[in-house]
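Take a look at this single chain, the form predicted alone, given in structure tokens.
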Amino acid sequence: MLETTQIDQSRPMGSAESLVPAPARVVVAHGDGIGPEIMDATLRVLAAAGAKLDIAEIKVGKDIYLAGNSSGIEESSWDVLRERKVFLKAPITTPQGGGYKSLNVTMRKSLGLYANIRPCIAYAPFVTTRHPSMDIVMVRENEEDLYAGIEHRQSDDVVQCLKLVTRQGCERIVRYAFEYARAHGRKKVTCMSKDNIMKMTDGLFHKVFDEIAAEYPEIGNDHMIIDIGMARVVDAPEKFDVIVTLNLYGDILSDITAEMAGSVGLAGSSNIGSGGAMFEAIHGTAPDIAGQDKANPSGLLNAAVMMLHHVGQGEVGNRVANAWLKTIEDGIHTGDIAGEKTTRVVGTTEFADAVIARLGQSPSTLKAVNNGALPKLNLPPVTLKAPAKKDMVGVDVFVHWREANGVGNPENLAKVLVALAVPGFKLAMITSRGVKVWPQGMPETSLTDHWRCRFIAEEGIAMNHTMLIQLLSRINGAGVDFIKTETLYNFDGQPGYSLGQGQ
């Protein structure tokens, strides 16, 4: 364990004020690729700035994977993280292929770090950008959506990935966005989703946003469909303030906005949960320049500034931030951001030295940072809503089926399934990749070997699981390979399932 505890020598020993506050107990991982270089640079700057840190180091990432641990983290490291609750992490590698899962995602989800905060700020004219007034904060949901990573191969031709969105997850991240805006003096929160297509998952996110926005009348709010919304961000980022969105969209959006601001290499992020926090650069391991003293440590350094504010050392965080801004303003740049205003191109070590040399200074053109203690965010626990009245009304049976010609005719599949239907059930629809192909499908529709076959209870029939089991038994007995079922329910009389495209 490395300690950087400091004692204030200006007060007499033995007095009530002779000792500085206890160091913040944090966990550090040096990561892979350029990770060790930029972490060493960052820790040197923090120590020189007077950060009071008690650091426990753990190893995660590539070496742990290659040692045979498919999770990329040892069990003992989880214990350290859970006990200390604050984690500064350099970029790590997730091996491609095989059964490896992203450790970044695993840590965020396992530790309940539901809010990912990524400020994207332009540093014009010292860092080249087409958007000199850009100052956007991305608030990304961090645990749900397609990042649940639940995938299956269901047929020769089809794989699926489940998109999971919960009301609790939506409420937590949306409220965090508004509380963040309130605490930081931001004027507007924009929600982005794709609820014109994914009406239930993204629709829930939009619905919850509207509900919670009404509780913050002093903060402006609007909603945009993600594609046109992102187009408008790219065109006029100065019109946006705080953006809140779902996990996958937020990952893509925040990288784009960071690059628009000047470079992905400058952006840090925080991952915040009710019981802990993780701070990291948003970029990857850059193995092509690892070990060459070329990497820009700015992203990790800016993440460390966020960490200092989180642990109550905001004055030190301001000191580091202003020294970094002064370094950028003086044209001391790493190669990735070198441009017209660069006076000297430096490597990782020399850049850290330049920041250290400017501690105590502030920028003269760029806006100096003078953040005081931030108010505590009002984030009440999210509770489950009262259950709705739930009525089973049908089932979607997904089947892997093809004919001798290699694909299949939905008319022929329908003939088989109609004959197998249980009394009280009827085959209502067959789709291929979501598009209705029976009844009255269109010959131009592309077909595959994966079919959704929707059975609906007839009028006045109360469906139950026994009927469902009987249906599946008949389908199995006929040699039709059913690979998945989704039971269809009404909730308080409203369908809890989507129509087929073209239905």
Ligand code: NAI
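Residue indices: 1-based, along the sequence shown. Throughout, rigid core stands for the largest set of C-alpha atoms superposing within 1.5 Å between the two forms. Quick caveat, the model's predicted, so the values are computed rather than measured.
Below, we turn to the form predicted together with the named molecule, even though it does not appear here.
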Which pick from I332, I289, V316, L427 sits with a heavy atom within 4.5 Å of the named molecule in the predicted bound form?
I289
Would you kindly say which of T285, S77, T201, S270 lies with a heavy atom within 4.5 Å of the named molecule in the predicted bound form?
T285
Looking at 277-285, 189-197, 387-395, 316-324, which lies within 4.5 angstroms of the named molecule in the predicted bound form, counting heavy atoms?
277-285
Contact label in the predicted bound form: D336 to the named molecule, heavy atom within 4.5 Å
yes
is_contact(N302, the named molecule) in the predicted bound form, heavy atom dist at most 4.5 Å:
no
Close approach of K89 to the named molecule in the predicted bound form, 4.5 Å, heavy atom
yes
According to a 4.5 angstroms non-hydrogen atom cut-off, is C120 in contact with the named molecule in the predicted bound form?
no
Within 22-39, which residues have a heavy atom closer than or equal to 4.5 Å from the named molecule in the predicted bound form?
I34
Taking 2 Å as the cut-off, check whether the CA of K89 shifts that much or more between this form and the one not shown after a rigid core fit.
yes
Tell me, please, whether between this form and the one not shown the C-alpha of S298 is shifted by 2 Å or more, with the rigid core used for superposition.
yes
Does Y65 move its CA by 2 angstroms or more between this form and the one not shown when the core is aligned?
yes
